[in-house]
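Here's a solo chain for you in structure tokens, the form predicted alone.
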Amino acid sequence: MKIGFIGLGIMGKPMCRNLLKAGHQLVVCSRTKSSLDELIAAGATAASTPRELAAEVDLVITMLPNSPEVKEVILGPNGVLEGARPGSIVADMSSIAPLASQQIAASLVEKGIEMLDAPVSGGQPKAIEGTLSVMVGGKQEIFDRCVPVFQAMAASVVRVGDVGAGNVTKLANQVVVALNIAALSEAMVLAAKAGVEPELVYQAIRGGLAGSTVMDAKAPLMLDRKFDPGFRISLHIKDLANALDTSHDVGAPLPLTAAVMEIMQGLKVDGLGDSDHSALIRYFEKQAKIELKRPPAR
């Protein structure tokens, strides 16, 4: 299966590298020349437009910031829809609104093109490792055809329902991650303010019921003051906005999500929108007038 990939950002570029490592033929398209050049050097070929790319491949993968960008690339002028052949597949691996996924799929199916919404979880580290989690919505037979492709980038690939279900699942994931980081931040600041070393608190509780993948990924970053983006606060705001919109549509109140969303908005106003979402702790540090630090080496 010849694959086209559109969107070579913080996630898309390492995902492409893993597809190439797995031996897939890859055509890439991006507005960022440096990313194109890197992947061409690694064995990919380039297309100048999404339309040109779609005409060359059997499967188009998109990895873009949000619903408007995905709609533009797939449905807009010189977009995927104009170039794709009947029988080809579009797998959108972006995190977008579930309704947008369904609308895009409806436009594609009119031309005989199948779609999967297949957002991922794991951030840049797991994108580099090729150990992402992929949650997929779409027809079973189309999912089955694409599983080997997804497995080149992921450790877990699960079909969760029809088109749109993948992004509903991703929104649920993002709610859990945001609330976990906020709870971890509160707990670590509590420990520091009470005079107990946060590092020791983390080591003491990580093996118990409070332990989580989120804790193990984010607590060390908080302690080391490493807030370079693995997943930007601004992108998490986008995901929580989609979660809240969806919750209003279906009648499922998300009061805790709304609270964390406002904390993230405050951090964005403070100029931290491009920081990793582990920088949530800086909100709680500011309120408590304290900053986490690792203890001096003994």
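Worth saying up front: this structure is predicted, and the values here are computed from it rather than measured. Position 1 is the first residue in the sequence shown; the rest follow in order.
One more form of this protein exists, namely the form predicted together with another copy of the chain; it is left out here, but the text below deals with it.
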ask   = Just one of 143-151, 89-97, 71-79, 192-200 has heavy atoms within 4.5 Å of another copy of the chain in the predicted complex; which?
value = 192-200
message = Is it the case in the predicted complex that 237, 267 and 278 each bring at least one heavy atom within 4.5 Å of another copy of the chain?
response = no
query = Quick one: of 223, 113, 128, 182, which gets a non-hydrogen atom within 4.5 angstroms of another copy of the chain in the predicted complex?
reply = 182
ask   = Does residue 287 make contact with another copy of the chain in the predicted complex, using a 4.5 Å heavy atom cut-off?
value = yes
key: Distance check, residue 250 to another copy of the chain in the predicted complex, heavy atom within 4.5 Å   = yes
task = Decide whether residue 176 counts as a contact residue for another copy of the chain in the predicted complex under a heavy atom distance cut-off of 4.5 Å.
result = yes
message = Is it the case that residue 254, even though its partner is missing from this view, gets within 4.5 Å of another copy of the chain in the predicted complex, heavy atoms only?
response = yes
task = Pull the contact list for 127-153: residues with a heavy atom within 4.5 Å of another copy of the chain in the predicted complex, in sequence order.
result = 135
